[in-house]
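Okay, here we've got a single chain as structure tokens, the form predicted on its own, with questions on binding and movement later.
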Amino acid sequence: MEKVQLETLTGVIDKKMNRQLKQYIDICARCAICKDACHQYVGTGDFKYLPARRAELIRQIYKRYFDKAGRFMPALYEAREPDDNLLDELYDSTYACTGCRRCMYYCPFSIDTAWILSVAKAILIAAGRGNEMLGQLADAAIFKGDNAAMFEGVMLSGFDDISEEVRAITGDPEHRVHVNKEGADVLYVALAGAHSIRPAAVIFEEAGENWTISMFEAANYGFFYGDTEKARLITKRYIDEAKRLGVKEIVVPECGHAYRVAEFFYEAWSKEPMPFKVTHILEKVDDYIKSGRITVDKGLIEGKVTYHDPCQLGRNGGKFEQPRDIVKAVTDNFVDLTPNRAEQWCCGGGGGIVAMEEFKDVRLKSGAKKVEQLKASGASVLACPCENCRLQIEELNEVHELGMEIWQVIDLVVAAMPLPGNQKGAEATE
């Protein structure tokens, strides 16, 4: 490897190294408890997806250049240079990881493999080996932020179409999607697509919320790619928009990583506090139901309903009870998956892996434990508040012929609201 590139890659480790990361690298006892916690290793049986093995690749580079024994006796201390073979291994194990952190939950030392792999992604990007698709998606989002006026006409036309649908569902001719509304209490940052906007708009309008829609989407492929600066710039688009409009609160959609980026990471990346709170939409909906701002009817949802904890929202974001309270509010026929909450199995679709065709085979095999859970539940309806999780589980549903209906939680809520535009809702209001 050329000296210049070698200095760049080792410089990445040196820059990222802190006491906690060094502890993660030094403390692993290779007990392999993580092998039974990792959905990818359990589903594929492939050694390279073992969490401890993933971290070991970074540990080997660290030992080669930062550990005295490793520098003088690399073969004895399993130290390696970051040559093409090691970078290939690092790429496969790193970008396949969904970042679910279930391994950390079960690790007796709480070693955060996802954090270690953030260093791996930085190394790969510095070596020109970052995932091309994720990088392109991140760059496209930044381009949109730099050229927002170019997309405004199309966006406004789409919002007009969704407003018509909202009025048809609610039966209120005044209901609509609010755009560029200064002084709104809530800025809703949706995902790309009407499916993320329509049910939220119905709920906000029925709740009498003072809200407006963001011109940008919440998904952040810079985060998946592993480039902190790109992730910051993508988030900054709607942070600046919220400041311009003077809102009190940003509400993120059914997307686990978007919630974590806005709530936990952006202030650290930007080194400035946000002048508003960040809320997940299910927190708002739970409050609307419990305070009586929207009405739901338990008789409108048919079949046994279960709930999937998305890793980024649940285990990594701490949102376990509000989504369950919502589901229990719309049906008396709820059954939980086993295990659940912090012990929930990853579906296999997180971390941007659904956007990377090269990992499709691994992705589907790693969904084996989720398929087992869904079958064991006996449920016919799955409430799933994460776009990547739904895409993955819908494909698992088809491949394994589970015959389940996969719903956004907010879609399930709208279906349970006695509204003229809902077929059953219309019958309930007669």
Partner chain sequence: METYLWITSVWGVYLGIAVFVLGMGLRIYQWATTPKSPVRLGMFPKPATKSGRFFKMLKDTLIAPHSAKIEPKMWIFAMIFHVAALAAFVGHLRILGEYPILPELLGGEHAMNTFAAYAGSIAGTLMLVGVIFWIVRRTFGPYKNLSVPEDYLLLFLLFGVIIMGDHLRFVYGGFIHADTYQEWFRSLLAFKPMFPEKLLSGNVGWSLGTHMLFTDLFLIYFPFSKLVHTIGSFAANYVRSE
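As the structure is a prediction and not an experimental result, all values here were calculated from the model. Numbering follows the first chain given and starts at 1.
Quick note: we don't show the form predicted together with its partner chain, though the next part is all about it.
- Residue contact with its partner chain in the predicted complex: Met133 places no heavy atom within 4.5 Å of it.
- At least one heavy atom of Asp67 is located within 4.5 Å of its partner chain in the predicted complex.
- Its partner chain is not drawn, but in the predicted complex it has a heavy atom within 4.5 Å of Ile33.
- For the chain shown alone, Glu164 is not a contact residue for its partner chain in the predicted complex, no non-hydrogen atom being within 4.5 angstroms.
- Three-residue candidate spot Ile27, Met104 and Ala268; every residue lies within 4.5 angstroms of its partner chain in the predicted complex by at least one non-hydrogen atom.
- A single residue from the set Glu343, Asp287, Glu81, Asp332 has any heavy atom within 4.5 angstroms of its partner chain in the predicted complex; that residue is Glu343.
- This chain lacks the partner; the member of Thr306, Asn316, Thr94, Thr212 within 4.5 angstroms of its partner chain in the predicted complex by a non-hydrogen atom is Asn316.
- Just one listed stretch, out of 214-222, 353-361, 153-161, 109-117, contacts its partner chain in the predicted complex at the 4.5 Å heavy atom level, and that stretch is 109-117.
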